[in-house]
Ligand SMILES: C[S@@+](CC[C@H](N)C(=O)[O-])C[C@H]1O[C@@H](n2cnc3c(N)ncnc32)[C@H](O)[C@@H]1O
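First, one chain by itself: the form predicted on its own, in structure tokens.
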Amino acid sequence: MPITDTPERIKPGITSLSTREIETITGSATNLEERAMLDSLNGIEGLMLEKEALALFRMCKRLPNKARILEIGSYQGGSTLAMGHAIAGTEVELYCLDPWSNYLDQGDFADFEYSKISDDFRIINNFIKNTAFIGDNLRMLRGKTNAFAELLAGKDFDFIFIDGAHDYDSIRFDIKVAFSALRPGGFVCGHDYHSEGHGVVRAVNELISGAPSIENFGKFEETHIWFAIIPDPHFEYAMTDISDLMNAGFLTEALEKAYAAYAEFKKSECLCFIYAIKSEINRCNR
């Protein structure tokens, strides 16, 4: 990419961008600050493409001061580094959640060389070394997403990047946690939205692109990162929770929550759930 030395510190916020503007966010030439960020990414083990790092950097650059970022899945800090460079000199907080352990037992790392994932201590130390420049803006949360779900709920994050386990159930759970933790109108995105990311594509299509109330959905061009602006994360969380209860066979509880959701949100999606649940209860009682 050609380099330009024109600084772009003052930029329009994320919510003022159209879906097309977000999709093409990496189309313009890089400046010196961005080139330095991309150069520092070299040598970090991971699967972050240059355009993907640039997309995260440019989006986070548009966050207001004192915003909050949550990253689910950090590994050795490639994506963390990109976002960290974007928030340098600000009061933006970057929370990174990762187990930093047992990579040998994780299917997502099945194709990695044994020597690269066998030493958990080396991996977490590499993360600390690669992200040390972020300083006090960085907070590490060591553990799986379910260990922090209650802690993260209601924290009004402005920006959430999901790159944890890539099986369907894990992605669905991470998106649900994101709904609980995101502020109204917040931005959520995630990695590995491609033909081989079957669990990712299925979960994202069900909960994000297939949701009638989420209009701003897309993918950064020349990347594998999907994105969406979520007008009412609390509503999306309620819908996902009801769907999970239905799939688990807890129909009575699902119906109660569907009625409560309709009373709160007055949206037709709630009525669709009520009808579907009552139909399933009647079928089971025959």
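The numbering used is simple: start at 1 and walk along the sequence shown. Worth saying up front: this structure is predicted, and the values here are computed from it rather than measured.
The same protein has a further form, the form predicted together with this ligand, not shown here; the description that follows concerns it.
This ligand isn't shown here, but in the model of the complex, which of 204-212, 182-190, 138-146, 84-92 has heavy atoms within 4.5 Å of it?
In short, 138-146.
Flag this candidate site as yes only if 72, 78 and 165 all have a heavy atom within 4.5 Å of this ligand in the model of the complex; otherwise mark no.
Looking in the model of the complex, the three residues 72, 78 and 165 all sit within 4.5 Å of this ligand (heavy atoms).
Although the partner isn't part of this model, could you tell me whether residue 97 comes within 4.5 Å of this ligand in the model of the complex, counting any heavy atom of the residue?
Yes, contact at 4.5 Å.
Close approach of residue 48 to this ligand in the model of the complex, 4.5 Å, heavy atom
Yes - in the model of the complex, heavy atoms of residue 48 and this ligand come within 4.5 Å of each other.
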